[in-house]
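Presented below, as structure tokens, is a lone chain in the form predicted on its own.
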Amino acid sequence: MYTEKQVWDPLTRVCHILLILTVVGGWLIGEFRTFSIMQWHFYCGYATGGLVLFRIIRGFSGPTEIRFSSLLHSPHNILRYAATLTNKQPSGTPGHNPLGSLFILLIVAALAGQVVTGLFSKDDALFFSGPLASFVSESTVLSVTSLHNLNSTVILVLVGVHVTAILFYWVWKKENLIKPMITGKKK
């Protein structure tokens, strides 16, 4: 029998929800951009940057379950956990399991990279530039803009993996990972 444990504090849950909104909003505006709404892409990027910075700070000073020290696992532990994925039982791990921990580190890095490259990017079609684009050469702006565009695809893939993993755990392992992000409690 599993008992419920408080694993996600209110700040972690609010940060997660706001990240969903700013990342999805920023992607949608960037993908379907027009001159009249492009400034909102920047606002979403700034908000995402603030949330990522907040998450990084909390990775060193927040609750145990979200600290980077709790997210670092050896390759052996990650592979050992991956071997249990076919078991039809909940993981029983408080916080993130070793694969989930690896994912969190990847998504934080990808989002940080997206924010930084956005600061130096340029959209010639709409005459918009990131606030730091004028401080670097045109060739650097072009390279960073390409990275920004490529990384948006990487983030989409990571989001897809994240949603797929949540559905997999819900259907296969009978472990609801959505409820803990709402209530803070996990079985």
Ligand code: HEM
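Bear in mind that the values here come from a model prediction, so they are computed numbers and not experimental data. All residue numbers refer to positions in the sequence shown, first residue = 1.
Separately, the form predicted in complex with the named molecule exists; it is not shown, and the next lines address it.
Remark: of stretches 6-14, 19-27, 160-168, 173-181, the one touching the named molecule in the model of the complex is 19-27 (heavy atom within 4.5 Å). Shown here without its partner, the chain carries N77, G95 and L102, none of which come within 4.5 Å of the named molecule in the model of the complex through any heavy atom. Shown alone here, M38 lies within 4.5 Å of the named molecule in the model of the complex, counting heavy atoms only. Remark: R55 does not count among the residues lining the named molecule in the model of the complex, judged by a heavy atom distance of 4.5 Å or less. Shown alone here, L119 lies within 4.5 Å of the named molecule in the model of the complex, counting heavy atoms only. Shown alone here, F68 lies farther than 4.5 Å from the named molecule in the model of the complex, counting heavy atoms only.
For the partner-free chain shown, Q114, V115 of 89-116 come within 4.5 angstroms of the named molecule in the model of the complex, judged by any non-hydrogen atom.
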